[in-house]
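Included below are structure tokens for two forms of one protein chain, each presented in isolation as structure 1 and structure 2.
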Structure 1
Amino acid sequence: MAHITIEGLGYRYPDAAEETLSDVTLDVPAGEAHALLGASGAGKSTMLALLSGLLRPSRGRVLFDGQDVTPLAARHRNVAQVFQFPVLYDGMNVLKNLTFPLTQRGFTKEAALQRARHIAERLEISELLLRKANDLSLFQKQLVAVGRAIVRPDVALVLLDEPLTAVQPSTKTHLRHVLKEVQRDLHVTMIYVTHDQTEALTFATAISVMANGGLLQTAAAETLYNEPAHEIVAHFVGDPGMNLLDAEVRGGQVYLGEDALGPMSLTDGPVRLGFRAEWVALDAAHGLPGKVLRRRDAGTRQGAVVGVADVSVVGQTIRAAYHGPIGELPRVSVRRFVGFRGGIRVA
């Protein structure tokens, strides 16, 4: 378990005009569960390949415990990976699959067997040890793949590339819990790539949000939710994402059309206003006139938003936490908001 430092990392695929990944700097402390969150095409997989050493960066450095591993080939980095679908050696039984990464790195057969049995016990797959990898269910296979990744006691970094993709929905939660638990117990540095924010938020202590080949923000889930550094983060994180409206700052007050919403310490000019559904107060004593258009069921994600409604306010539609009936004409006020200029949060 190493401390991972990424400095100004950039990668351009051969024949590509632009960099797929540009200027990524990131620090992952030893033993941390870190998530890379982003839509497909954000550069997450490229980032993984650069970390594992399957790709060489065009620019920048990767350091494990302060040691520059950029020039090292994948096999010399002592990195393990769990892929989107279970990758096992079909011809071997589960035990052999688990000992192989160890014996390949100089562990004696006895030490490898002991460690493999220990890991199998931890993952509750001991009864599968003598089964052929090919005969297992997808879920069991992926468990074994996780076992293979964490079986090396000195592994520097474990990469997880959307490891729940192939697993049935009913077993996803189980596998996620197992991952989280072994990560905590074994203090393995893990980087978990996903486009699913629920997976990222439940697994990781720190989350990096990626978009368009760049890293937008690295923070704990709470911070990402309440203080997104970038418009894309505001929109991407949370369900529903932040309301983003065009507003204007005049004399320290932010205006939506002709109506003032509250103070904002910014120079005069246009601003992109962001606020969560639950930061909206309907039925306030004063505020803007509004109309509830329709109700949506948003579930119970972050911030315990239970009911969400589309609300029309000065010609724009926003989402607000709401439990009442449709068509009422409440007064709408926004308790809290953030402001973006050029995509970056400025207030």
Structure 2
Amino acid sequence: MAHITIEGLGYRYPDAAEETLSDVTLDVPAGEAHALLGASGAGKSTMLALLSGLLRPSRGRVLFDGQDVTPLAARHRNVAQVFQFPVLYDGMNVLKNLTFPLTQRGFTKEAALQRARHIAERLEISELLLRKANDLSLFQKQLVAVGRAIVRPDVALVLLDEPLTAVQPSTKTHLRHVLKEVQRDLHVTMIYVTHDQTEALTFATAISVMANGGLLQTAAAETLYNEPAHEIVAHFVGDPGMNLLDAEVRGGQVYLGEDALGPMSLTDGPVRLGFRAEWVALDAAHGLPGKVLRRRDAGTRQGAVVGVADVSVVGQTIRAAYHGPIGELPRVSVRRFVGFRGGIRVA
């Protein structure tokens, strides 16, 4: 499996007014499970097409293990891809679907069978080997499609393009688990494209958040959640997303209206204040005056009701987690926050 390096990648579709992808630089170590996370139109699918060789970049380079593969056609890159809907030979059984890519590469029949059975065992589909692909459920077909993608040991990179979109919600968790286990066991370099943060956060070692054709931040899930580098990352990652309020820094203190929240080591001026729902405390004694607009109980913990409330604070609405009873007019205090200027994190 290859170490993937992307250097200043840009792409403009013919007759387009501007680039779909702009100045993307990314490093994916060999054997890493990496996710490209972003909303529709972020540029994720264009990135996959450039990595696979289906598109040639307008500028920049793609390197596999230090070798520039930018000019190479798709068939010369040893890249395998899994799509939203599984692509199989329906008339063949599962075993033949798995061995076909190997025999086409010159593997002996015995070697191809051994490798196919090994992959089937890892994917927990050994009992399906003699069944026709056309007779499988969509979930089973997607497992076989994953198997076809990783069965060749010479594959440099496996690309997964929204692979769980068509799978029933009840089986998505299991398929994610199987994918993650196989990736880890076989040390396969995988890049997983999704708009679903749950899929990205539970599958990938590192996640790149994309928006408007650019890469905003690459980090582990915990860093994206606690230390977002951009307002879009703060809003997109987490459920609910991070609260983002208009505030002001004056004399080393950050103010919401005329109320000071705490110290912030920024120059004076407007700032966007970001904080998670669980970084907020609601009580009757401390903090800013607030008013509960709506509450959504999620269950109980240690005998007390927990949930998330919409709370109005100095004319702006935040989401605050609660544990236990809250009054109609609670006080609101923020235990931790970050600042953004021009959309970029500054504290």
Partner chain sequence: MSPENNRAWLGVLPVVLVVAFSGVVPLMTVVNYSVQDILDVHTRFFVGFDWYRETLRDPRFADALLRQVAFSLTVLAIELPLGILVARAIPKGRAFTPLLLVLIALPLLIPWNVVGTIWQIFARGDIGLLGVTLNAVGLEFNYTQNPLHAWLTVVAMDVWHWTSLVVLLAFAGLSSIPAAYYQAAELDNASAWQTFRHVELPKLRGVLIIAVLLRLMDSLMIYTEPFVLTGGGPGNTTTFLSQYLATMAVGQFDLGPAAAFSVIYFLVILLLCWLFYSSVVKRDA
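One-based numbering along structure 1's sequence throughout. Keep in mind the model is a prediction, meaning the values are calculated, not measured. Rigid core: the largest C-alpha set superposing within 1.5 Å between the two forms.
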Pair member that is the form predicted alone: 2
Core-aligned CA displacement of residue 184 at least 2 Å between structure 1 and structure 2: no
Displaced residue check between structure 1 and structure 2: residue 106, CA, 2 Å or over, core reference: yes
